[in-house]
Ligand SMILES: Cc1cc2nc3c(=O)[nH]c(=O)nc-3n(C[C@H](O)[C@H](O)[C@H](O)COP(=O)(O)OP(=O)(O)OC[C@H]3O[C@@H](n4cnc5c(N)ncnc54)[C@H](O)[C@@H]3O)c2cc1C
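What follows is one chain in structure tokens, specifically the form predicted alone.
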Amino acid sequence: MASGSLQKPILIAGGGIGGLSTAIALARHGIATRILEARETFSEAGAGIQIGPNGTHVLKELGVADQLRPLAGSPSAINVMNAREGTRLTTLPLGNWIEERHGGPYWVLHRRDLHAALLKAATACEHIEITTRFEVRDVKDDGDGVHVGNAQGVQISGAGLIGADGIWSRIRQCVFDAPPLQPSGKLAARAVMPGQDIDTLFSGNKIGVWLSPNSHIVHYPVRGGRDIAVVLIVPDTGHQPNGAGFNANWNTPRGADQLLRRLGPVAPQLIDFLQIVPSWRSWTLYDPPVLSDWSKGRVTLLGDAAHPMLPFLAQGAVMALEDAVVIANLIAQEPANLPDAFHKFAAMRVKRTSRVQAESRRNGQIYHLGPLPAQARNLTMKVIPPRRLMHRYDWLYGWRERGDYERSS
């Protein structure tokens, strides 16, 4: 067993997608972990999530793909629309095309379904212990192990600590002295609604992306097409700096009229669709600076704690899935030397995740171009063949754990 040289379990702060995936990946190497979750109960937010082939490969490796397949949608394409005029700019291929090109499907899921599958796999594993109501407040690395404490003074020790505690990571702040988060100037709002009696432009088996100056809308089917997930990105006219009240912000109710005023003028059919969304929940988007190193001794970060990113490439959760299998394989190779495994992990992942962060930011800028630059963007989308547009993402979707691969074609 790879865990033979580890006298204590590896601690994982955070029981979200990244934390659960890491525990499962380590368990498949026989390595024991203890997940420390701040919440009393697990209840992932009611939102959609997109998982490209680079992520579905990981879900298969973790042993949860078969459970998720009946709940996942596999959209045939992405319709990119001019939100103001209601016209189609291009249709990018997904479905069979992307699965054949990259060896795995492109899935759209309800986030709760993904989290539930991972949680079920983790709770069924003898190598994984889950402790709830434990929010890490302080961390001590004595060279031989780590000791973490919560606000109540309870201490738990382990062989090492992996911080998978999200964008507001306490470990990122107290161990790595990360700079305060800065708002991006954008607000995201989400909803999941029943799919029946919705115009097929919005309810068909395709992802819709509607582009407008300073704003955009994304929608796609989830739960086998029964529901539709909708995300609206608009200018943020007010926020709480430095993470104050984040938990409330993630679930802040928003009225449709308030959001649509920020959206600006768009096509009537889009307004009609957005107005029937029963309720919205919103949060401020942040664009933190890149950490040059997120491993120190027996402590490391992964997922949003290490490399939070804007959602404009739909890769935040997928990067956490990639992180999970990479770090698990590195630890399995040298379990007696966690600091070295953690250092190699950060060094191996920083280039790719930094590129995804940069491309996500760039995508947002392209989506939100003003009227004149948008005309050039729209013309480009109309004249370049859709498959050629998708080829520029081969570096992203063609990733495999055993080495980043880039297709030259």
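Fair warning: this is a prediction, and the values are worked out from it, not measured in the lab. In case it trips you up, residue 1 is the first one in the sequence shown, and so on.
A second form of this protein, the form predicted in complex with the ligand, is not displayed here; the remarks below concern that form.
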Margin query: Would you classify E322 as touching the ligand in the model of the complex, given a 4.5 Å non-hydrogen atom cut-off?
Written below: no
Note to self: in the model of the complex, is there a heavy atom of the ligand that lies within 4.5 Å of any heavy atom of W210, even though the partner is absent here?
What the structure shows: no
Note to self: With the partner left out here, check for me: in the model of the complex, does some heavy atom of E37 sit within 4.5 Å of the ligand?
What the structure shows: yes
Margin query: I'd like to know if W283 sits close to the ligand in the model of the complex, meaning any non-hydrogen atom pair within 4.5 angstroms.
Written below: yes
Item checked: Joint contact, R170, V231 and A317 to the ligand in the model of the complex, by non-hydrogen atom at 4.5 Å -> yes
Next item on the list: Please pick, from V136, A191, V146, M81, the one residue with any non-hydrogen atom lying within 4.5 angstroms of the ligand in the model of the complex.
Entry: V136
Check: If we take heavy atoms and a 4.5 Å cut-off, which stretch out of 70-78, 300-308, 267-275, 89-97 is in contact with the ligand in the model of the complex?
Finding: 300-308
Next item on the list: For the heavy atom contacts within 4.5 Å of the ligand in the model of the complex, list the residues of 17-37 involved, in sequence order.
Entry: I17, G18, G19, L36, E37
